[in-house]
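Form predicted alone, single chain, as C-alpha cells, below.
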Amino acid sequence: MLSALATAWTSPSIDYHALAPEIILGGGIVLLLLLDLFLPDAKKWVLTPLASFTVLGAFIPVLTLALSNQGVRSLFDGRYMVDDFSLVMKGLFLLAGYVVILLTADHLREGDYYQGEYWFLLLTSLLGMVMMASSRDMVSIFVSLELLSIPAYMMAAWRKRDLRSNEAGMKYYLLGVFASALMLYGMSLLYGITGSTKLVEIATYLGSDLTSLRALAVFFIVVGFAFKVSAVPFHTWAPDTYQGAPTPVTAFLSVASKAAGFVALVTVVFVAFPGSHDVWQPVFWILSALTMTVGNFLALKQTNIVRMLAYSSIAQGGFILMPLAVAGVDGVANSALRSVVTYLLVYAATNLGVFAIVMVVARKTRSGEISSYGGLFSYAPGIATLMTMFMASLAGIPPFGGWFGKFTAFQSLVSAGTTWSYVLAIIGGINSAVAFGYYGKILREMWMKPVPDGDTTPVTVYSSLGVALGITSISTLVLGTFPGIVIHFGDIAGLTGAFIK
C-alpha cells in the first residue's frame, strides 16, 4: 500500500530539453510583462529587443533538438510529441515571428501604441503556435488554438481609436468564436463516442467503420479548422480583418496564424482520422476548389493592395488544401504532408516580404491603393525589383520559391491518379492562370504607369524593415533556385514515423 502511494506521488519525468522552446517563450512573456509594469516610459525601448531575443532564444533549442538525433520525444503519455514534423513547424513559427517583430519595431514607435501589451500578445500567440505543433490530444490542440487565436483577435483591433480596426477585431472574434464552438462540439462528440481525447486512441477506436454520428463529428472538426485557414465559404472575416488590422498584424495573420491552422488540421486528420478519409477527403476537395476559385476571382476586382492580398491569401490556402483532397489515397499520405509543409515554408517567406514592401511604400504614399504603386521603379528600383520577385513567387513563376510549392501540390494530385484528382489539378491550373491577372496588375503599375502625384523622392527603408526584406527576399530566391533545400525540410516533416502510422 505504501509503495503504491509512493509511486503515485512520484514526480513525472519531464524532458526539459524537449520543452525548452516553450519554456523560453513563457519566461520571456513573464519577464516582458514585469518590465512593462515597472520600467519608466523612457526605458521601455528595451521591450522590443527583449521580444526579439526571446524568439531567437526559443529557436536555439529547436536547432539543438533537430541535431540531437535522439528520435521522437514523447511527453505526457504520448499527448505531446517532439518529432521532426513539430520541429520544422516550430522553426517556421519562430522565424516568421521574428520577421514580424522586425516589421513591427518602427511601426509601433511611429504609431505611439502600447508596446508592452503588443509584444505580450504577440509572444503569447507564438507560444500557442509552438504548442500546437507538438499537441497530439484534442484538449491540448484546442487550448493551443485558443492561446494563439485570442491574442490575435486583440491585435487585429489594436488601433482602438480606428473604427475600421475595431470592425476587423470584432468580425474576427465573432466568427472565430463560432468556428471554435463548431469544432468543440465535434470534439465533444468524438470524446463521447471513443471515451478518449488522445488522437492515436481515437484513430484506433474509429478505424474505418464510420457511423453517421462519427462522420458528423469528423465533419464539424474539419469545418472548425476550415475557418482558421480562411477556406471558402468560411473566409468572410479575412478581407475586412486584413484591411482593418495594422499591417504587421495582417502579415502575422496571413502567415503564422494560417500555418498554425494547417498544422492543427493535418495533425488531427493524419493522426486521429486516417481511416475516415471517406468523410474528410471530399470535404477538402470541395473546399480546395471553392477556396482557390473564389479567392482568385474576387482578388481580380480589388483596388486596395491589402484587400487584394487578403483574397490572394485565401486562394493560396486553396492550393495548400489540394494535397489533402487526395491524402486518403493509398501511398499518397506522405507526399501530401510533404507538399503542405513545403508550400507553407515558401509561402511564409514570400508573403512576409510582400507585406514588408507594402509598409515601405505606404510610408511614402500614405495610401493602400494599388494605383499608388504607379512608377515605383522610377524612384525606388530596388523596392520595385523585390516586389516583382515576390509577386512572381506568389504566381508560381520560376526561379522563385512559389513555383516549387505549387509543383509539389500538383505532384500529389498526379500521384493519386484518380479522376477527381485530375479534375482538381485542372481547376488548380486554371486558377494559377487567373492569378496572373491581379499579380500582373501590380507589376504593370510599378513598371509601366507614371507616378500618380509626380513625387519621385526616394523611399526610406528603416533598418529593421531592411533586415526583414533581406531575410525574406534571400529565402524566396534560394528556396526557388535550390528546391532541394525546402524539399529536404518537407521530407523530414512528411516522413516522421511518429506522425503518420
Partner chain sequence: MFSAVTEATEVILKSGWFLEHAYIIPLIPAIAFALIIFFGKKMPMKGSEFGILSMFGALAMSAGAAYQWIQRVNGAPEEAYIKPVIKTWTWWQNNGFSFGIGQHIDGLSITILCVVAFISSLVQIYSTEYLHGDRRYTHFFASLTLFSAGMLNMVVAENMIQLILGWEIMGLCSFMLIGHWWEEGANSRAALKAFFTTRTGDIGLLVGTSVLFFSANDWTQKNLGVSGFSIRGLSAWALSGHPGHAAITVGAVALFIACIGKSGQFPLHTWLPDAMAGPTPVSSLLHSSTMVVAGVFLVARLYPVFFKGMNIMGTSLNFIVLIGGITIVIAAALAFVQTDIKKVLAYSTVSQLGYMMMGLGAGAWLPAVFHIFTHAFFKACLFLGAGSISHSASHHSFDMKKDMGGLRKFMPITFATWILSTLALCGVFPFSGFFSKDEIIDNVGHNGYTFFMIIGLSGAFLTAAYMTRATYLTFFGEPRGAAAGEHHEEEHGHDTPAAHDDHGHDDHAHDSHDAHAHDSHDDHGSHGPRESGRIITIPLIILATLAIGSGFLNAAPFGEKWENFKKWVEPRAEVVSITGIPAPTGGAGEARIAEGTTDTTVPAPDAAVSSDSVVPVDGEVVSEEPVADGEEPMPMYDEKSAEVVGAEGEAMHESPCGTETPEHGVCYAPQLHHAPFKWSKAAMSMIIVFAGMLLSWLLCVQLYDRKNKKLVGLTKRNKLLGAGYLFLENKYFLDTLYEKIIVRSIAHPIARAAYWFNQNVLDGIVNGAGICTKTVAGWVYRNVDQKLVDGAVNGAGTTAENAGGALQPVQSGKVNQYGALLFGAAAIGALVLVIINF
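Positions refer to the first chain, counted from 1. Just so it is clear, the model here is predicted, and its values are computed rather than measured.
Same protein, other form: the form predicted in complex with the partner chain, not shown, and the subject of what follows.
Let me test this: is every residue among F225, R363 and V423 within 4.5 Å of the partner chain in the predicted bound form, going by heavy atom positions?
Result no, not one residue of the spot touches the partner chain.
Would you check, heavy atoms only and a 4.5 Å threshold, whether T211 touches the partner chain in the predicted bound form?
The answer is yes: T211 has a heavy atom within 4.5 Å of the partner chain.
Are any of the heavy atoms in F297 no more than 4.5 Å from a heavy atom of the partner chain in the predicted bound form?
Although the partner chain is absent here, F297 would touch it in the predicted bound form, with heavy atoms inside 4.5 Å.
Classify V200 as contacting or not contacting the partner chain in the predicted bound form by the rule of any non-hydrogen atom within 4.5 angstroms, answering yes or no.
No, V200 is distant from the partner.
Taking the partner chain as it sits in the predicted bound form, is P450 near enough to touch it, meaning that at least one heavy atom pair lies within 4.5 angstroms?
P450: contacts the partner chain in the predicted bound form.
Looking at F59, Y462, F53, F436, which has any heavy atom no more than 4.5 Å from the partner chain in the predicted bound form?
Comparing distances to the partner chain in the predicted bound form, the residue within 4.5 Å is F436.
Go through A380, L182, V358, I370 and name the one with a heavy atom inside 4.5 Å of the partner chain in the predicted bound form.
In short, L182.
Please determine, with the chain shown alone, which of 425 to 433, 248 to 256, 262 to 270, 96 to 104 has non-hydrogen atoms within 4.5 Å of the partner chain in the predicted bound form.
Answer to the contact question: 425 to 433.
Which residues, if any, of 322 to 361 lie within 4.5 Å of the partner chain in the predicted bound form when only heavy atoms count?
Only R338 sits within 4.5 Å of the partner.
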